[in-house]
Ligand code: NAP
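The chain below stands alone and is given in C-alpha cells; this is the form predicted alone.
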C-alpha cells in the first residue's frame, strides 16, 4: 500500500472493539465511529479521532471497516446524507466484516464497484476471545489482488486470511461455518439436558470428549463453563446466531435445498430469543431444554 492506511472503524461492540483495538496496537492510524458514543471514549484516550457521523469518518480515512450487527445497522451507517456512501471517492476501500446476507453483500459490492471503491467481503470466524487475542480467521471475498493488498490490515486482527473467492463468497463461507457452530452448540446443550434427565453429571460428557482424540474439540472447551455452570455471558450472542441461521435457511430455500437440522436449531434458538435470552451467549438454548418455560 503506497499511501499509508488511515483506517476508519465503525461498530465497537463486543467484536468490533477488540478488532479496532488490535489495529491501534499494531500501529495503524485509526479513527472510530459508534452509534453509542460512550464506547469511543477509550479510543479517544489513546489518541484516535472520533467522528461524529459515518460520513465524517469516511472523509477522514482511505479504508473504512464495518463491524455491525445486521443489514439494518449496515444500512444505517452506509446510506443517507451522513452515511459512508455519500463520502465514497474512487480509490477508497470498504472492508465489511459484519455477517450480512449474501444478497445484501453482493449489492454492496456492486455499489462499491460503480463508485470506484475497493470492496472486501470479509466476515470473521471466531468469537470474543479470539477477537481480543487477534486470533480470528478472516474469510475474505473479493478480488484476490485486493485481498492480498490489504492483508497486513486483516492480519493485525487475526491469525489467518482465507481467500474464499469473489464477493459474496466470504459471507457464503461464513454461513457454512456458523451452521456448524450452531449445531455443535445445540448438541452440547441437548446432551447436557439428556444427561441431567438420566441422573448423570453433565461434566462426564466433557470428560469423555476430552479423552477421545476424535471428539476433543477446542470449541467444546469454550462452552464448557456455560453449560456446566448454566451461566451465559455473551461470547457470541444468541440474537446474532439466530440472524445467521435465518440467512442460512433463506439461502438454502433459494437453491431448493433443505436443511432440516438447521431448521430445528433455528426453531430452538427462536424459542430462547422469545424467552428474552437474545443478548446472552447462544449456549443459553440449554435453558429452554433443562428449564422449559410455560
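All values reported here derive from a predicted model rather than from experimental measurement. Positions refer to the first chain, counted from 1.
What comes next is about the form predicted in complex with the ligand, which does not appear here.
*Asks:* Spot the stretch among 23-31, 238-246, 258-266, 44-52 with residues whose non-hydrogen atoms come within 4.5 Å of the ligand in the predicted complex.
*Replies:* That would be 238-246.
*Asks:* Name the residue from 127, 186, 92, 101 that puts a heavy atom within 4.5 Å of the ligand in the predicted complex.
*Replies:* Among 127, 186, 92, 101, a heavy atom within 4.5 Å of the ligand in the predicted complex occurs only for 127.
*Asks:* Does residue 67 make contact with the ligand in the predicted complex, using a 4.5 Å heavy atom cut-off?
*Replies:* Residue 67: contacts the ligand in the predicted complex.
*Asks:* Can you tell me if residue 108 lies within 4.5 angstroms of the ligand in the predicted complex, counting non-hydrogen atoms only?
*Replies:* No, residue 108 sits far enough from the ligand in the predicted complex that none of its heavy atoms falls within 4.5 Å.
*Asks:* According to a 4.5 angstroms non-hydrogen atom cut-off, is residue 160 in contact with the ligand in the predicted complex?
*Replies:* No - in the predicted complex, heavy atoms of residue 160 and the ligand never come within 4.5 Å of each other.
*Asks:* Could you tell me if residue 139 has a non-hydrogen atom within 4.5 Å of the ligand in the predicted complex?
*Replies:* Looking in the predicted complex, residue contacts with the ligand do not include residue 139, since no heavy atom lies within 4.5 Å.
*Asks:* With the ligand taken in the predicted complex, which residues across 186-215 come within 4.5 angstroms through any non-hydrogen atom?
*Replies:* Counting only heavy atoms within 4.5 Å of the ligand in the predicted complex, no residue of 186-215 makes contact.
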